[in-house]
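Here you get one chain, nothing else, as structure tokens; it is the form predicted alone.
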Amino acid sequence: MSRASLDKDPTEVKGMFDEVAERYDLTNDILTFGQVRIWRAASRSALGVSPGDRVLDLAAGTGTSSADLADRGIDVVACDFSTGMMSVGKSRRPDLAFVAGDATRLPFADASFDAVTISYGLRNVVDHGSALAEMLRVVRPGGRLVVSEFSTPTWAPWRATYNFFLGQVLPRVAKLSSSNNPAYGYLSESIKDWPDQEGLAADIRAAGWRNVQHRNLAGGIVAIHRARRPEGESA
């Protein structure tokens, strides 16, 4: 069993997700006590797309978020660099369009999507600033970005409780449900190392996005950041 380090070497990250692919969605449900489904619905609502819109679901994994969009008439492309995750997704939803791709070098033309979304995957990219710039490039002027990611609880007692969960509870629960327990050690460490809400908002602005806003879920355990590509500007 393998796990990535906080250097986030792409080969290590890909290998880690390939190994957890088969039980990834089940483990997510267990570790979040089912809250991941509520968070997914909130991300979809924040995206604000309509039937016929073309959406890039980046770091789509097994395609759970992509399937939710496709079922509502959205023209969605599920993109991930873990062939293991995509293989599981294709077996479950052969109707979905899966494309292998690196978030820092997306295999899509400029301005080819109405919106782009990434859920709990930006934190795993070796250079998330470059990934945000690539997302800007492939979205049309005026198009939307939604980033859903683990973040920092805003209330100190809740933050302490959450940190205890990450350090003590999550590894024990993951050991019972996951095919690769060390990978969930990386999950805990990468969450603690990730920028808080304002820090990520600043990174999004630095990549060229505008109208950046965020909304906390579960007291800040998760934050949904929204932004737009400026009208009339090239990426």
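As the structure is a computational prediction, the values presented were derived from the model and not from experiment. Sequential numbering from 1, following the sequence displayed.
Form predicted in complex with a small molecule: not shown, discussed below.
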Single option in Arg54, Lys192, Arg40, Arg205 placed near the small molecule in the predicted complex, where near means a heavy atom within 4.5 Å: Arg40
Might Met85 be said to contact the small molecule in the predicted complex, defining contact as any heavy atom within 4.5 Å? yes
Proximity of Ala59 to the small molecule in the predicted complex, heavy atoms at 4.5 Å: yes
Can you work out whether Phe98 and the small molecule are in contact in the predicted complex, taking contact to mean some heavy atom pair no more than 4.5 Å apart? no
Contact with the small molecule in the predicted complex for Ser151, defined as at least one heavy atom pair within 4.5 Å: yes or no? no
At 4.5 Å between heavy atoms, only one of the stretches 44 to 52, 206 to 214, 22 to 30, 162 to 170 reaches the small molecule in the predicted complex; which one is it? 22 to 30
